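First, one chain by itself in C-alpha cells, the form predicted alone.
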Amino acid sequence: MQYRKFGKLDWKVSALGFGCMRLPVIGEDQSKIDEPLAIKMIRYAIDNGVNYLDSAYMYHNGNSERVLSKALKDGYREKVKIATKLPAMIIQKAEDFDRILNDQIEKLNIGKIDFYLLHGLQKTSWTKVRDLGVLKWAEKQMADGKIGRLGFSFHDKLPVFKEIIDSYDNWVLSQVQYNYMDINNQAGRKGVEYAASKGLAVVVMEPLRGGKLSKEPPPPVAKVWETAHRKLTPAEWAFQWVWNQPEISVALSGMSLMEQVVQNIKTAGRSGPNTLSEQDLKLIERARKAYQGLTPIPCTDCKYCQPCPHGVDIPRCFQAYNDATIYDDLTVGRRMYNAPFFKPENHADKCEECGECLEKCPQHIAIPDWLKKVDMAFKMDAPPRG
C-alpha cells in the first residue's frame, strides 16, 4: 500500500480508502447488508494497509455504521481512522445535531469519531446548518472528545465550495466528487487546487464515477484504450489519474465484492503522485473526449438559460440524461435526478414551454423538447435515446 499526506496533519493516509456506501447486500434491499462478507472485506482491506474508512448516517438506510462497528472489533479499530457524516439535508433544528451524533457514536461503538463531516453540502443545506450554529456546536464536540477533526463533503458549484472553505479556519478535509470526467463539474480541478492550497486534505469520492468508468466501455472509448502502450483496465486508468495528482490525499472506493477489494489494493500499490507519463495523460484525455462525444444533448453548462422563470434546473436535468445515455445506465441517471440535493421543483416536468431559454442558449438547443424527453426517461422503464 502507498501512503500520502493528509493535509496539514502529521499522519499518512492509505492511497485507497474503504467507502462503506456500497457494502454487499442480500438481494436488492440496500438495508440488508451481507454482514459476514462485508466484515471479511473490510478486515482484508485493513490487513493489507487501508487505514481510512468512510461511512455516513444514511448509508444502507442507517446500517452501514452498525456493520462497520462489528468489523472494527478484535483490535481493528486501533489500526484505522474512521470518518462518518452528519446529514445536513435532513437537519431541521439545532437539537438534531446532538441526537444524530449520539446515535452514530452508539452504532459505531467508539469513544471518538476521528473525522466528522458535514454531509453533501450545497448552498441551501450549508446555509441552514451554518445558521443553526453547526460550527460552534462542532467545536464543543471536539473539546468534549466526541469527534476529532471537522470536514465536509460537497455537491455544488465552485463558488459555494470556496465560500465554505473560507468560512471556517479549522477544516481538516474536504471530500469531493472527482474523476477524469468531472474535472469541471462541482468543485472540479480548481476546487481540488484551492482546498489543497488552504492546507485541507482532499478526499475523493466517485473516482470511478459510481462504477461507470470501470464498466465495459462503449466502442468509441474501447478503441481509445486499445491504443494504450501499456494495458490497464479502465478502472485502473481512472484510479491512477486521480492518484497522479499530488493534491489528492485518498481516493475512496465503495466496494461490493471481495474481488474488487483485492484488485483495488493491488492497483493502489502501483500508485503515486506524478507517475503518469504525458502519453498516459493524453490517452485519458482522448477517452474523456470519446465519452463526451456520446452525449445526446450538447449542453456546455454555461447556465445562460438560468434562472428559469419556472424553477427548472436545465443544466442539471441535461447532465443526468446525458450521463444515463453515455454510460448506458438509466438507474444511475435516475439516482442523480432524484438525489436529495436535486429538488423536485427543479425537475424537467416543471417546464411551461415559455421559450425564454431558447433565446438565451448559445448552443441553440431545443430545450423544452429535450426536457420532455428527460421527464419521460426518468419516469418510464425504457432507456433514454439520443
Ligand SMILES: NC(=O)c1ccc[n+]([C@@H]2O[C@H](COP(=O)([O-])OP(=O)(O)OC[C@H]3O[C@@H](n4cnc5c(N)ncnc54)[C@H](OP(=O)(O)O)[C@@H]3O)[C@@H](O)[C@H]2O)c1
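Between two forms, the rigid core is defined as the largest C-alpha subset superposing within 1.5 Å. Computed from a predicted structure; not experimentally measured. A residue's number is simply how far along the shown sequence it sits, counting from 1.
Below, we turn to the form predicted together with this ligand, even though it does not appear here.
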(message) If we define contact as a non-hydrogen atom of the residue within 4.5 angstroms of the partner, is Lys81 a contact of this ligand in the predicted complex?
(response) no
(message) Within 4.5 Å, heavy atoms only: does Ile164 come near this ligand in the predicted complex?
(response) no
(message) I'd like to check something about Ser174: if you look in the predicted complex, is any of its heavy atoms closer than or equal to 4.5 Å to a heavy atom of this ligand?
(response) no
(message) Would you classify Cys20 as touching this ligand in the predicted complex, given a 4.5 Å non-hydrogen atom cut-off?
(response) yes
(message) Among the candidate stretches 352 to 360, 66 to 74, 53 to 61, 36 to 44, which one is within 4.5 Å of this ligand in the predicted complex when only heavy atoms are counted?
(response) 53 to 61
(message) Please tell me whether the candidate spot formed by Ser153, Ala235 and Asn264 is one where all three residues come within 4.5 Å of this ligand in the predicted complex (heavy atoms).
(response) yes
(request) Find the only residue in Asn185, Ser125, Ser214, Ser271 having a heavy atom within 4.5 Å of this ligand in the predicted complex. (result) Ser214
(request) Taking 4.5 Å between heavy atoms as the contact cutoff, choose which of Gln141, Gln104, Gln240, Gln260 touches this ligand in the predicted complex. (result) Gln260
(message) Pick out the residues of 62 to 93 whose heavy atoms come within 4.5 Å of this ligand in the predicted complex.
(response) Lys85
(request) Answer yes if the Cα of Val221 shifts by 2 angstroms or more between the shown form and the other one on a rigid-core superposition, and no otherwise. (result) no
(request) Determine, after fitting the two forms on their core, whether Cys302 shows a C-alpha shift of 2 Å or more between the shown form and the other one. (result) yes
(request) Classify the change in Cα distance between Gln319 and Gln175 in the predicted complex as closer or farther, relative to the shown form (magnitude of 3 Å or more). (result) farther
(message) Quick one: with a 3 Å or larger change, is the Ser214 to Gln319 CA distance smaller or larger in the predicted complex? Answer closer or farther.
(response) closer
